[in-house]
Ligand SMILES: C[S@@+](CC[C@H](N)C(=O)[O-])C[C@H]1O[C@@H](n2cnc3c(N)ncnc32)[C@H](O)[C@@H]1O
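First, one chain by itself: the form predicted alone, in structure tokens.
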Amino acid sequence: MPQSDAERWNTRYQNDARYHRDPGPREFLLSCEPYLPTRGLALDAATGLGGNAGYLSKRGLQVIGVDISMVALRRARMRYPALWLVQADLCHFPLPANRFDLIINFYYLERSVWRDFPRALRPGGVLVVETLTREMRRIQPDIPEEYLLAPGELRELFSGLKVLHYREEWIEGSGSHPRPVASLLAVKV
């Protein structure tokens, strides 16, 4: 019987040393700082250990971090007690309309969830997304394509928002090798 996503991620957070340290905020999130609100409600989709959410909380936002892994959320709670943390599969976590001033999503690709992000943003709300592209298969060919973005796909998925910054490029990873990403900063007008 295959492991559930929750079991798989719980095992990773328990056993993989890469997931034992505080990751802090992602570099792309920090580069978006001039556009990020300093008050209001933020959603960190697939928050993991909460490094991005903790950063946003310290900036003055109320942050809801949603993740499927209870192990990750317990560690996030210890590091960032001000966060509102929810253990849930985002595919079964309905997002309310016009509620969030900011939504962030790093390295979690679920197109069905992403379709709800523009509706869940308030007018003037900001979206920050970064995840891997299909170029990743050049260095890790076993990754299923469904977890990787096609060229231009991220921009197309959020074409109804005003894009402030978009890139597709190789960046230095937190591990031992660079990785290909698509990154987007957009606002709901």
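Because the structure is predicted, anything quoted here is derived from the model rather than measured. Heads up: residue numbers just count along the shown sequence, starting at 1.
What follows is about the form predicted together with the named molecule, which we do not show.
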task: Select from the listed residues F100, F106, Y80, W114 the one whose heavy atoms reach within 4.5 Å of the named molecule in the predicted bound form.
output: F106
Among the candidates A46, I64, L157, L149, the residue which, in the predicted bound form, approaches the named molecule to within 4.5 Å (heavy atoms): A46
field: Exercise: L90 in contact with the named molecule in the predicted bound form, heavy atom 4.5 Å
entry: yes
message: Can you tell me whether L121 touches the named molecule? I mean in the predicted bound form, with a 4.5 angstroms heavy atom cut-off.
response: no
- request: Flag M136 as yes or no: does it have a non-hydrogen atom within 4.5 angstroms of any non-hydrogen atom of the named molecule in the predicted bound form?
  value: no
message: Within 4.5 Å, heavy atoms only: does I68 come near the named molecule in the predicted bound form?
response: yes
message: To test your reading of this chain, name the stretch in 48-56, 31-39, 157-165, 137-145 whose heavy atoms come within 4.5 Å of the named molecule in the predicted bound form.
response: 48-56
- request: Just give me the residues of 13-27, first to last, that have a heavy atom within 4.5 Å of the named molecule in the predicted bound form.
  value: Y13, R26
